[in-house]
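Before any questions on how it binds or moves, here is one chain, the form predicted alone, in structure tokens.
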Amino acid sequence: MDMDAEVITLPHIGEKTAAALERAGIFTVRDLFYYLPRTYETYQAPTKIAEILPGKITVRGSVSSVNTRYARRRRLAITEAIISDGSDSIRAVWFNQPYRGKQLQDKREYIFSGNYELKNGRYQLTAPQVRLAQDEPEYVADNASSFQPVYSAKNGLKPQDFKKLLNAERPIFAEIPDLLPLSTQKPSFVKTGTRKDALFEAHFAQNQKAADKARNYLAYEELFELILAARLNQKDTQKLRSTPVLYNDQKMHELLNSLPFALTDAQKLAIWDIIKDLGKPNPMNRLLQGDVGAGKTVVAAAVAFQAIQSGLQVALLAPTAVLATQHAESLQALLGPLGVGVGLLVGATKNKATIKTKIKQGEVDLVIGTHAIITDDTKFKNLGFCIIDEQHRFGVNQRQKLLLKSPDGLAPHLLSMTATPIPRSLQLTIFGDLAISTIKQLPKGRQPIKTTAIQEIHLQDKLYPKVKEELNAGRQIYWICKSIEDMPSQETISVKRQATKLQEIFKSAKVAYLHGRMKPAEKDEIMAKFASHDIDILVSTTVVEVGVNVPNASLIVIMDAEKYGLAQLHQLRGRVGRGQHQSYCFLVVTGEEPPSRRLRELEKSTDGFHLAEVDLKMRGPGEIYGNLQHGALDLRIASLSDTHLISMAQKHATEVADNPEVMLKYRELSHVIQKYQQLTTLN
């Protein structure tokens, strides 16, 4: 079987079904077979409603009435239904699932599984799972259990659709070829035929033990792919050549003596690690990670200064024009007095042609800009060092365009910077081919941001007085919202509605809003006004997660905080605390539930590295490092906290990478790991 074949080649899939699968992002046989259950349920035979007792129950019946109402103050959708089975009726309640109203309006029979409990003096079935009875296997009379996979809905395809599709293709699983090469370093559970057995059991297991065994193998498979891609990238990088940067001790001391502050020990160590790499004839591929405010920019300035002393041009690529402009101003102040020619190149640059001519002639030593740097007509005389700020914001093609601007076939050195701390287990896998420098130490004088998680019902008594206090002190405020505009049955407050509301409450304040659908020039204008204190309260989506330095901003409010990952919340919190004033962060929770354990962790810690590890355990790698340079890190099963599997996969992948002829026998494996190789490759 060709796992890379189009999904329509499977026996029971026609054009209509294939089109639906493609809309859901499932194009190949591999995509479908690896669309694994998100969990498993042991469904008990339904109990007659007249006989149920409090606790976990399953009932089968039709819905006699259903309605959805909204608790305006809390923006909470409450859907109630009456379920009947002929013996009696029961009340079911769902929170923030308004689609249930439309789903249950017909008279078909459903199976409901959930917790039957006493709430506010009345018994109810709380947030039960719902399955169409005709899609479920027949239950036997003696209440035997049925172990069933539970799939996630995706782009119009329901969980039951996936169950039917995969069950129809059940005989085909026996034809699935092996993927992992056999070697002396493979773990004992990797054998001929293990893959087809694991995929079959992942979908059709009869019990949890069989499902766990299958998922363990498939998790290992994913980790192996990640690590093998990193090992192959390392080997490819070693074949490339670059211009070594010669260390100039005198110039380094000249720079350090000119700084208005003392570097931390962590910054000095990072500079030295980078300079040692720059001195090699192979291109450096290093990631500089540091918490918000750790001082990555001055580290980049120091190593860029060294590269310039060796006659190389340096390019710094930033994700926004505002951030590029800020970098240009700060680096001009640091390096300009030492004779470095600094140039800014963004979309709005007026004398663009003149600057590009100077870059081509080598008159600009350090070029700072956005995508304007990588356009075809931007040419360098001797580009030898590239710095990418917030590197996960750029696609692999954009990075390669920049790297290809180096002359004479030499590869420039690459330093990527990120304020999103990468957990150790991620460093060992997807970033295994990168050298990583970490700045954990914050500059002296930084005051920790005081973080408080509150329920939305306490805005008036706990938050608004603090907002008034900060405004009266001349401070500025970020106010983060999840959505851009109101939609029917929207469960989160929008940027526009929040801005209007705040303007009514704080009448003397200047309120503006910002979101990602605005034109770049509009966004830059708003951010520039906020930076110059022409705006008091900036209501925004997460577009400000990476933004300019506004020392006067001392308070950030994040609505619907439970809908974000810890790493992103920490990034957003880092928008404040950049000046001499004590800063505050309020995490606002919607609904009836108290703040979650994740938010309590954020209250307790300002250490981004600790929070990234916590987030990894709670939510998974895709949430932490969102859109890596080429698509999401969409691990389906593997847990990057499983150090035992990682250790085995490292040994296995290293042996395979050292024997490239093995890869020729595994065409599918070569294809699979290409997407991971693109994440950090210099080629």
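All residue numbers refer to positions in the sequence shown, first residue = 1. Keep in mind that what you see is a predicted model, and the values were worked out from it rather than measured.
If you look for the form predicted together with adenosine-5'-diphosphate, you will not find it shown, but the lines that follow are about it.
Although the partner is absent here, Asn285 sits far enough away that none of its heavy atoms falls within 4.5 Å of adenosine-5'-diphosphate in the predicted bound form. Within this chain, Leu569 is remote from the site of adenosine-5'-diphosphate in the predicted bound form, having no heavy atom within 4.5 Å.
Although the partner is absent here, Pro443 sits close enough that one of its heavy atoms falls within 4.5 Å of adenosine-5'-diphosphate in the predicted bound form. adenosine-5'-diphosphate in the predicted bound form comes within 4.5 Å of no heavy atom belonging to Ser146. The partner is absent here; in the predicted bound form, the one residue of Arg578, Arg475, Lys356, Arg497 having a heavy atom within 4.5 Å of adenosine-5'-diphosphate is Arg578. Listed residues Leu240, Ile275, Leu263, Ala214 were compared with adenosine-5'-diphosphate in the predicted bound form; Leu263 is the one with a heavy atom within 4.5 Å. In summary, the region of this chain contacting adenosine-5'-diphosphate in the predicted bound form, judged by heavy atoms within 4.5 Å and restricted to 295 to 303, 192 to 200, 164 to 172, 507 to 515, corresponds to 295 to 303.
Residues from 314 to 335 do not approach adenosine-5'-diphosphate in the predicted bound form: none has a non-hydrogen atom within 4.5 Å of it.
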